[in-house]
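Let's start with one chain on its own, the form predicted on its own, as C-alpha cells.
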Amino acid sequence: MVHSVRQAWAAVTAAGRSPRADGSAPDTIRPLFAADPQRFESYAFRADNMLLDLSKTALDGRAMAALLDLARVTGVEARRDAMAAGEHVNTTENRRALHMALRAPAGATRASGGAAVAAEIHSTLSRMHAFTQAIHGGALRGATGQRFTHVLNIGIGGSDLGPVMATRALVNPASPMTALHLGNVDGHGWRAILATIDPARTLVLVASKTFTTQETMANARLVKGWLAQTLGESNAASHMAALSTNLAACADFGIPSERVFPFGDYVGGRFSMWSAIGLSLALALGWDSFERMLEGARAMDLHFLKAPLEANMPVLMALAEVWHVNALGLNRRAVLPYDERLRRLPAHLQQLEMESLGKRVTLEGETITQATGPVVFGEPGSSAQHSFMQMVHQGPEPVPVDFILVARPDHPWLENHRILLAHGLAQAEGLLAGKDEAAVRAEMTAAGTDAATIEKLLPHRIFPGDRPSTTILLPRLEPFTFGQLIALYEHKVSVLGTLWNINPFDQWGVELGKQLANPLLEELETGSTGTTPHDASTTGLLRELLRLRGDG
C-alpha cells in the first residue's frame, strides 16, 4: 500500500508539472474552456440545491484521474466510514470524532455514534430544547422577574467562533433574543458589551468543556462579578448556565447541575457548534432554526457518506485543495462570501482548517515533507475587492479563491443584491480571463490615450488571468443551507487529513501557548522577572512592559 500511495502522489505531482497533451501548461485554465464548451456541466456538482463549481480551476481529466486514484489508495472512503462508525480516528488522543452524531436524528443507524452516544446526545438536546422554550416562554426569568432578552456567550476558539459566525449569519428581525459574544480575554471587549446590556434581562452562558480555560474563566469571573454587583450576590446564579462536562467546577462557580449542558470528548471545539455549544444559537434564533441547521448539516453528512467519490462535494473540494497546494504549490486561499451575513465565515474556516491541518508529522509520527494546507484568509465581497483582491488579480503568485454566492436575499433591496452578485461573478470571471496586452492597448487607444502613455502604463494594466477559483452557490442563506455549507467544509477537512495522512482532530500546538503563559502571568502579577528562565527577547520585553506599566 505504501508503494501505491507513493505512486499515486507521484502521478498527482506529474500532472501538476508536465504539459498537457495539447501542449498547454498544467496550471492554465482558459485552454480547458476553449477545448470544451461544456466544461461547466462537467465540473459543476450538486447536493440538494447547493452547487459547487470547480470549472474555473486547472483540473482536467488527467489531474482528476490522478487525484481520485490518490483518494482511493489513501483510504478516504474507509477513513470516512471509520469515523462514521465511531472508531477512534483521533489517534493521538485515543478519541472518536463524532460531530456527525450531533446532528443525527433519533433512530439513525449511520453516523449516530452508537446507542449510548445517541442517547446522551438526544438527552442533552431535549434539555436544551426545554430550557430554550422556558426562556422564550417566560417560565424562566431573571432575578427581577423580567424576561431574558439577551444571551451572552462566553467562550474562546470553537466555543466562540462558531456561535459568532452562525448568529451573524442567521439572526433576523424575528429572532427571539439578541446574542452577544465575549471571546477575547482583552477587557476592552467586555467594556464594549457592557454599554449595551441590562443585567436584569441578560442570560450568561459559560462555554468551556473543562471549565478551566484560562481566558474563558477570567471573563466568566468578570461577568459574574458584574451580575453580583448589579443584582446581588445571591441572584447572579439565576442569570447563568454552563456548557461544560465538569459538574464539580460548575457547582463551585455557583452554577447548579440543572443549568449545565454537557458535550463529550468526542467533539473538538471547532466541530462543536452542533452540540451544547450551540445553545446560544437556539436561544437567539429559536429552536426551529437550530433544528433546521442540524438538518442541513445532516443532509451534507448523508451526501458525504453515500455519494461516489467522483460526485462527492467534500471529497472534490479536498482534492482541489491538494491540486492547488501540492501539485501547483499555491499555499494561500482566500474565502469571499458575497453575503454580509457570512462575514465571520473566513475566521471560522481559519480555525477549522488551519488548526486541523497545521501538522508537521504523519499519523505514524514521521516528519511531513510536503505542505498540509494553505493559509486561509478572507473578507466579505464586495468589500474585499477594494483591499486584498489587488494582489489576487495581479500579484506574482496566484491565490485560489472560494466565492460563495447566495441567489436570493432576505431583504427587499434587489438592486443592491444584483450589484453584489454581478461583482462576485465578475471577480471570478476576471481571475480566469485576465486582460492581455492587446486588449489593454485597444482599450486605451479607444479612450484616446496617446502612444507614449500607453507604452508607459501598459505593463501595469495587464492581468495574467488563469487564476483559479471555486464557486459555491446557495439558493438562500437560511438555517438548512447554512448547516450544509459548514458541514461541507468540515468534511473537506477530514478528507484532507486522510490524503495527507495526518490527524485533523487534535491541536497540540494550541496547548503550548497555554503552558508558557502561566509563568509569565505570575511574573506580570508579582512585577518581578527572573523567576522563570526565558529567552533574552522575552525577558527584555517583560522588563519593558513592567517599566511602562509603572512596576519597574
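This is a predicted model, so every value here is computed, not measured. A residue's number is simply how far along the shown sequence it sits, counting from 1.
The protein also exists as the form predicted together with a small molecule; that form is not presented, and the subsequent description refers to it.
Interface residue remark: Lys514 is counted as part of the site for the small molecule in the predicted bound form, having a heavy atom within 4.5 Å. The closest non-hydrogen atom of Gln507 lies within 4.5 Å of the small molecule in the predicted bound form.
In the predicted bound form, the small molecule sits within 4.5 Å of a heavy atom of Gln351. Shown alone here, Thr213 lies within 4.5 Å of the small molecule in the predicted bound form, counting heavy atoms only. Checked against the small molecule in the predicted bound form, the residues Gly269, Pro163, Pro400, Pro314 give one hit for a heavy atom within 4.5 Å, which is Gly269. Note on the partner interface in the predicted bound form: the residue among Thr202, Asn219, Ser469, Ser208 having a heavy atom within 4.5 angstroms of the small molecule is Ser208.
Of the candidate stretches 287-295, 351-359, 300-308, 453-461, only 351-359 has residues whose heavy atoms lie within 4.5 Å of the small molecule in the predicted bound form.
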